[in-house]
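Take a look at this one chain, the form predicted on its own, written out in structure tokens.
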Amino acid sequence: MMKDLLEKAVERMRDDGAEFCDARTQTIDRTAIIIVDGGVRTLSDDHMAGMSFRAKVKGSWGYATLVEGNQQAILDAASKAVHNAQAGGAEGKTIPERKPTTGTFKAKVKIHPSSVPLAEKISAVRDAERAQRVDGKVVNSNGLYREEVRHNTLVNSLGDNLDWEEVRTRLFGQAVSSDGTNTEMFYDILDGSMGWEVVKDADLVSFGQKVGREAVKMLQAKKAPSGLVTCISDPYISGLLAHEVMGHASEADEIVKQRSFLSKVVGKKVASEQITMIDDGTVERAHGYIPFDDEGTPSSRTVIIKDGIYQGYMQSLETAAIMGTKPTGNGRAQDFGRRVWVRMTNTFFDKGDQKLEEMIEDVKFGVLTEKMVSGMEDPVGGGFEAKSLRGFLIENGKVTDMLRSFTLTGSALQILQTVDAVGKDVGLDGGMCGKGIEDYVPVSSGGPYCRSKIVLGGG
């Protein structure tokens, strides 16, 4: 029934003058549980549902949304989207035809979170939080659980007629330690585009105990060195460089607006030949997995850098039309009521051929990072700034002292040019990414261990 209405809405928009149009319904169900120091701080079940209609006339887009409505309300909203586009009056490129995709696609999960009682979820979070209190120096323990289930139905003028589901589950543990003088923190995460099995298959007591023990260990950490040093970045920090700087600057809408330092580098050497960088929404268990983007384009593996040579950009339907290339499945919106932008999915540096031990053996003096606290987005200038949760000093080929949190800075391209060793295994870290400070979508970033020269600021 709903698909029939969406098909009629698309037909109405075409009749009213839309050159391209789509109609989409979406439901988003979220559960959040936060337990702090043994008490339930947050317990929420949220439901969001609605419809969106987009129409393109020359270079202008028109949007209209509904939370609910009968057939007439839906057709009126469709006409409004076309009217809004016609009012823009801008010139632009036509969205090219492509082979349409049809079908229904269920999320590949072992245990759908909707089938699990809320009490079982609370109990699991409580187990992970309680286990963190391994020592009297743990002064704050936190367990956070989030799940999200999205159902999408989309019909467009290209002939796409789709139903698909996305399921994501996440458990986060964080412990804070103090010895009366110093305060430190450690965290760990279990997550992915999976169901309740993310939690059920984990040893929650071991998970929580590790978080607590590592937080206490960090009280003995030393200050990191400062200046330009050899740095072996772990998958978290490697991922921040891939995502925050190189990734955002490779989103084609930034190229079209001439807001990217990578605007004119296709075919040029931008990194060491050790570096290959990819955005791949087809990695099924990763947090940024999507079977289709919010325009109905199938997700794909997009090679951005290959052996140090810059290859191209992530594309939506609109930017692909402007740049005369193919869409890559990166047109994404926070929800049905938001605009579609070019957005990343799972963005990472690809694997190399070295073991971590081999990379460490060659370092006379340097640092090894572990986990991240924050990173800075700079698609315009290409600057890199990140904060590592902690690290380890490397002296004469051996790991020695633990280091407390420190910053890493520099030019992304200069850092990538100095990469001389890349690890064999890629790790992905899931999270939410905004376009600036809004429009958040689920993503992953990551990579292998990478050895380069980076400027450090001690913690």
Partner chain sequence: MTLEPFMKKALKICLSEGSSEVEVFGSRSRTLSLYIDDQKIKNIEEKMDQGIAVRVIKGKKVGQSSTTIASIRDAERCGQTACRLADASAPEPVMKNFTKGSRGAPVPNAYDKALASMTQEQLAQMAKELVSAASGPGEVKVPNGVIRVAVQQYMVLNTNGAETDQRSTLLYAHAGAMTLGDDPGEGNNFAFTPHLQFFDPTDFGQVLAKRAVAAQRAEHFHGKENLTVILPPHELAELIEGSAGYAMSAENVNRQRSPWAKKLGEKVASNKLTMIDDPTAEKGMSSCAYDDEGTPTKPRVLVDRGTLKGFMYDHYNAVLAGTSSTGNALRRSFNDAQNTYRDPLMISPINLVVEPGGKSLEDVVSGVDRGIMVDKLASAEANPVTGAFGLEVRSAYLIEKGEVKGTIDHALLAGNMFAALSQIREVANDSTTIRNCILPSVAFDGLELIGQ
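Being a predicted model, the structure only gives us computed values, none of them experimental. Positions refer to the first chain, counted from 1. In this text, rigid core is short for the largest set of C-alphas that superpose within 1.5 Å between two forms.
Just so it is clear, the following notes concern the form predicted in complex with the partner chain, a form of the same protein that is not shown.
* Listed residue that, although the partner chain is not shown, lies within 4.5 Å of it in the predicted complex (heavy atoms), from Lys306, Arg301, Lys223, Lys351 -> Selected option: Lys223.
* Could you tell me if Glu166 has a non-hydrogen atom within 4.5 Å of the partner chain in the predicted complex? -> So Glu166 does not count as contacting the partner chain.
* Asked: in the predicted complex, does Val176 have a heavy atom within 4.5 Å of the partner chain?
  -> Yes, Val176 is a contact residue.
* Taking heavy atoms and a 4.5 Å cut-off, does Ile28 contact the partner chain in the predicted complex? -> Answer yes; at least one heavy atom of Ile28 falls within 4.5 Å of the partner chain in the predicted complex.
* Asked: Does the partner chain come within 4.5 Å of any heavy atom of His47 in the predicted complex?
  -> Yes, His47 lies within 4.5 Å of the partner chain in the predicted complex.
* Asked: Of the listed stretches (287 to 295, 117 to 125, 353 to 361, 151 to 159), which one has a non-hydrogen atom within 4.5 Å of the partner chain in the predicted complex?
  -> Within 4.5 Å of the partner lies stretch 117 to 125.
* Can you name the residues of 121 to 149 that have a heavy atom within 4.5 Å of the partner chain in the predicted complex? -> The stretch touches the partner through Ile122, Arg126, Val139, Asn140, Asn142.
* Asked: Superposing on the rigid core, is the CA of Ile394 displaced by 2 Å or more between this form and the one not shown?
  -> No, Ile394 moves less than 2 Å.
* Asked: After the core is matched up, is the C-alpha of Leu228 off by 2 Å or more between this form and the one not shown?
  -> After core superposition, the displacement of the Leu228 C-alpha between this form and the one not shown stays below 2 Å, so no.
* Comparing between this form and the one not shown on the rigid core: C-alpha of Asp45 shifted by 2 Å or more? -> No, the C-alpha moves less than 2 Å.
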